[in-house]
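There is one chain below, alone, in structure tokens, taken in the form predicted alone.
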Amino acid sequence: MLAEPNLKLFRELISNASREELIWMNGFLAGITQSAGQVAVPVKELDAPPAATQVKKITLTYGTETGNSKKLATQFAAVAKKKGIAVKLSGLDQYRLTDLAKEEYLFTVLSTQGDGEPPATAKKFYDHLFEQAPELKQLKFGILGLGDTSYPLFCKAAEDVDTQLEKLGGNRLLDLQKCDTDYEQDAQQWFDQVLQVLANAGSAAAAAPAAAPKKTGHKKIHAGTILANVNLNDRGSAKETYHIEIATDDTVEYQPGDALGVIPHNKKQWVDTILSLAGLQAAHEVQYKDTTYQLGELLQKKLNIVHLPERVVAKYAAIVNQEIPATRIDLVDLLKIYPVKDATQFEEVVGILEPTVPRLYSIASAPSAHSGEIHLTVSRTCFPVNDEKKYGLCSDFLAQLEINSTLDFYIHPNNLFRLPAEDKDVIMIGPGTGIAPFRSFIAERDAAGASGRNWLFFGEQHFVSDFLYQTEIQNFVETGVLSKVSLAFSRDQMQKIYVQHRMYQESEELWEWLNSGAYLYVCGAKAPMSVDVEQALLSIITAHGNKSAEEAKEYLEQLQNEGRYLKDVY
């Protein structure tokens, strides 16, 4: 049995080999084993990935939010083409829905977002399957799902599409493959199976069962201690943005661009109220997913008890045998309005509650500049509910962490948001807490002595009260680490000014940087910020690149394909 690194190299070698090369390798290995005094075992030709294939044409689509699905689909397409397979590669947002009924071989890489939903780029395709329900009797298909096992509806969008395609008459060539955040190996095995199926004229019988996704054991949990927790906004600000510094005794490996994952705790007073309504003590022991917990700790640190999804509310209604409208509601309100009859029934309720999902925050520190520490930039989210001020569960939890308190966390790698080589120029657009990864980028480039130029666009409401990391940014300008800073404070004048307006004002120089090979990064709110920024980019490319609107889109897509236009938006 080969070790994993050697197995990966071996797979890469044989996947690109011709039939003649595979025969030669077989004889070569046979000679080696015979010279070592062992009996050579002939390798059957079908045991190696086929160089020739009986299926000559496939459609490969992807639905992506962060870019992982597109990256995989593009890699798969390149390998398939080397095998002599004609590949029609398309994002599901660009896929012509009228072609679906004509497809013979369709393979899709699809991520799952939010509460089991397809990514926005796949929504049109997803809705078409369920609302129009086209007849797909000649379709042969396979689905690869990307997700995160930390979430209760893991790969739900891929599950839905896989099931619906079969209902519409499609023939599933290989089982749905679900992949966790470390998807590379499972995805490669899935595509190896696709090639094997195609080599056997689209026969599903040759494919091995899909590998079970690895659960969250790969996420190493670190114990941190809070060193600092400071509100960066000054008096008079409408916002609260916390700079949090976390120290660890163990070695935490991460890179600029990565995120920190944390599971927030529920407030003790919420748990106390629930226990009182259930007639149970915090120390009462219960079973949850084959593990024994003290009820108070389980409710406070493990389970979601706020804003329960409709599927959980429906299960609660079945337990208490009452009609409850389809809605999202807190557990404490359910217990008050539709009470359980006794402690035993409440234990049933505990069994239907879902684990609290982790929240991800861009890391604001750099390994080279902040050894032994990890920093976060957290906006305490506030919103009204029935004239009452409410706070986001996790941002409120983090904002109230006291110095020397402990915090469990894990590192969530983001390989699609990495710094380029040290001699490359970098443009960073990060208003609000979007500044977090760029603080990491700038500090890392400074520590490394990178020769490439750095240009930061930052925006907030007011210069005086909301200029996050003002002193640090000014120091980076004075020392030459930041070549240029463009600021947009929206409420300091009658007409609101945002980062995209500064981009227009600096459009000629921005185009010069881009056209000279600069890498452009965007981090912050997905809507409307990142949409407005992209529209500004297209306008700048059109104006200064002398391109049509369509050519500007192609230019921006080329930047994305080259890894020079990267987004981390939420």
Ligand SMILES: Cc1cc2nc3c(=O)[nH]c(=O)nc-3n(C[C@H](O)[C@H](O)[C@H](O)COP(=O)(O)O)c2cc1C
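Treat the numbers as computed from the prediction; the structure is a model and nothing was measured. Each residue number is its position in the shown sequence, starting from 1.
Keep in mind the form predicted in complex with the named molecule is missing from the figure; the text below concerns it.
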_I need the one stretch from 450 to 458, 133 to 141, 148 to 156, 293 to 301 whose residues put non-hydrogen atoms within 4.5 angstroms of the named molecule in the predicted bound form._
148 to 156
*Within a 4.5 Å heavy atom cut-off, is Thr112 in contact with the named molecule in the predicted bound form?*
yes
*asked:* Although the partner isn't part of this model, could you tell me whether Thr64 comes within 4.5 Å of the named molecule in the predicted bound form, counting any heavy atom of the residue?
replied: yes
*asked:* Even though the partner isn't displayed, in the predicted bound form is Thr542 close enough to the named molecule, meaning a heavy atom within 4.5 Å?
replied: no
*4.5 Å heavy atom contact, Leu360 to the named molecule in the predicted bound form*: yes
*With the named molecule left out of view, which of Ser507, Asn68, Thr59, Ser530 would have a heavy atom within 4.5 Å of it in the predicted bound form?*
Asn68
*Please pick, from Pro309, Pro420, Gly91, Gly116, the one residue with any non-hydrogen atom lying within 4.5 angstroms of the named molecule in the predicted bound form.*
Gly116
_For a quick check, can you give me the residues of 541 to 570 that have a heavy atom within 4.5 Å of the named molecule in the predicted bound form?_
none
